[in-house]
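A lone chain, given as structure tokens: the form predicted alone.
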Amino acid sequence: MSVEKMTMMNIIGKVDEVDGVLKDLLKTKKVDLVSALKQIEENNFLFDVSDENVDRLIDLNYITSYEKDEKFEEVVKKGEELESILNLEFDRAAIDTDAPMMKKEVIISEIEQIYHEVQEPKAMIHALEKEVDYLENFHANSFKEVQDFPVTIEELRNMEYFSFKMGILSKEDRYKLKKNYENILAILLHTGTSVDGEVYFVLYPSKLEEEMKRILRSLNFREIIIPKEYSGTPQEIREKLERNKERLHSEIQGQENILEEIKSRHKDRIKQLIDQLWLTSRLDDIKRNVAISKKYFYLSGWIAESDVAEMKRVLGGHEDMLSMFKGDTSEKPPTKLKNNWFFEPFQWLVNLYGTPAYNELDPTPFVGLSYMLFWGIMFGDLGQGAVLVLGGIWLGKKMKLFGGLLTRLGISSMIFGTLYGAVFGIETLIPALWMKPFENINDILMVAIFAGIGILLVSYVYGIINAYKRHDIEEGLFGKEGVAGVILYLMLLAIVGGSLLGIQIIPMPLGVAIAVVALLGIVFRLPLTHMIEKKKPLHGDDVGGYYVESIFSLIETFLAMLSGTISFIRVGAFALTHVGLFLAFETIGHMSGTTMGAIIAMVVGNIFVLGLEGLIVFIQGMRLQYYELFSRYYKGDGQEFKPVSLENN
């Protein structure tokens, strides 16, 4: 339950070994690669200059970044196209990453050969399918209404005084045609429907050819050109179309059989090639962080110190490999969180706000316990908690972290539901082991406030520790969230809280005196810090502006302490709302006057509360974490540890 200590790993090896080394490292999923070229340029890639390393040192003069092979990228696309053409589906997760790596030349040659073999049948199928689409979409429905017409196309073409056209009009253009139909000197017959619109036959005097072209153009008339090879009556043309379609489908089937034969003959080899193609391509993508010279490759990456032994073992399987591990570095390491199985789902909530800095406490356990506490108080119900647990288990199969989070919140609901004596909103089935919120309104509100005060005090402790880890004396000792801020908050609680409760927690003069000292510490935090650090001058250039800002910050500090404490009342308020909603649905059920009506009302009520109120309480819990707690102790400006693997980059 902490931030793991990191170390920088630098590796130098022979350039022809780079794929094998990368593959073995990435299979561990424990290396966050960084740019080796940048490490070298900034003199962070250091190794012992001994006789055996002289060659590696000289070769640094020829260092360059790795550049992807564009020709290989084209072959990758052809491989993907080959999978699609042959209708092959290969599971990337089932790739044998332990198989020996093929040379790129072999992969390219064989992929190109098979790709060339499938191109001819593929092109034929594409052309034939285009022709089928043309027949089906352009001609098949063109003669629907005139298929019993005894007139042949030849007779129409040979008319002396009349001409004809066939074409398509859209829905909007049909309306324009209807409005102006009486002004058009032509006969228009609706003959069918195509995918592009409605098909019309237009018969008009030949002398009006130009006029008709203008009219039809204004109607966006898309003419259907009837090929000269189509002759006879419309019915005969349709029959010929059907015969042509049957012939085309037969030819398509023949070409598909050729592809199937190629697939059957090469399937196993294609799988090997595609696997190697994908694997090599992934390694090429990852190698953008690798630097290479004439003889060697240079690799840098962050790993956890606890993984150093495993990395040495992995690298030990490669000859002539030089590896160095250094924990002390000027670079800011990424943050790798280490939490047990129970708190791990709450990392999702933490990372939504921001990743902890490397020198910052991991807040995940604190977030987990406090969030479950708030959730349980607000949403305490044994039955609904059980539903959340089951839902979390089911959801966890697809969304591990969110499913786990839902399961833990459900457990918290079940615990507080048992304490409240509530099962699916019914408070008469089991006795309350603690109290019933609606019967103890003041008590539940006080519990919420005291729980909030306790959580706030823990957040102050987290903030002080984080300031110490950052070596920030000003914020850690004298900041409003530092030691001075905690003392001031405790004194305010003792003085104001004691007065409200009618008890003396601390003598008033002593409490006021301590509070004043804390206030002075906050006001004079900069000069006090400089005195401790023996820095001069004690103030900045604008002394007056500093103190004006400090005084105004005191007002902000008081308001933040007051609002932060009072805001936890809403935790108790939501507990009362939870019960109140069920009372409302119970009342509706009684008003129905039937047992079935009461049951339906409670079922609907539970669905409503689980859905809508559950979402509101979830958001409210996040608000308390992010705005009331994180603002006091957590920056979340770290860089997340992102180990690369063969599956993702």
Partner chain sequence: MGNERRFSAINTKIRVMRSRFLKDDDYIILMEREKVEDQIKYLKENTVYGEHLQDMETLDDIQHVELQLDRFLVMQFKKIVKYFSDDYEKLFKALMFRYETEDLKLYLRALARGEDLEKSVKISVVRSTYYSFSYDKIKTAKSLDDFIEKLKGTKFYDVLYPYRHEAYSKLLFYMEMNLDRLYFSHLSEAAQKLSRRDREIFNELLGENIDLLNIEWIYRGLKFYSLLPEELINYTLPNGRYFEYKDLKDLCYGDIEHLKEVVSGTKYKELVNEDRDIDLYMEIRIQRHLYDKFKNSFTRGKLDISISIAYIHLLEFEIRDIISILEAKKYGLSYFETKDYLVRTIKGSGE
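This one's a predicted model, so the numbers in the text were calculated from it and none came from an experiment. Positions refer to the first chain, counted from 1. Between two forms, the rigid core is defined as the largest C-alpha subset superposing within 1.5 Å.
Omitted from view is the form predicted together with its partner chain, to which the following refers.
Among the residues 264, 158, 84, 180, the one placing a heavy atom within 4.5 Å of its partner chain in the predicted bound form is 180. This chain lacks the partner; the member of 184, 446, 458, 393 within 4.5 angstroms of its partner chain in the predicted bound form by a non-hydrogen atom is 184.
Interface membership of residue 221, defined by any non-hydrogen atom within 4.5 Å of its partner chain in the predicted bound form, is confirmed. Proximity of residue 173 to its partner chain in the predicted bound form falls within the 4.5 Å heavy atom cutoff. In the predicted bound form, no heavy atom of residue 414 sits within 4.5 Å of its partner chain.
Interface membership of residue 304, defined by any non-hydrogen atom within 4.5 Å of its partner chain in the predicted bound form, is ruled out. Per the 4.5 Å heavy atom criterion, its partner chain in the predicted bound form is contacted by stretch 212 to 220, the sole one of 212 to 220, 294 to 302, 529 to 537, 496 to 504. Superposition on the rigid core between the shown form and the other one places the CA atom of residue 210 2 Å or more away from its counterpart.
Positional change of residue 225 between the shown form and the other one reaches 2 Å or more at the C-alpha, relative to the superposed core. The Cα shift for residue 130 between the shown form and the other one, taken after rigid core superposition, is 2 angstroms or larger.
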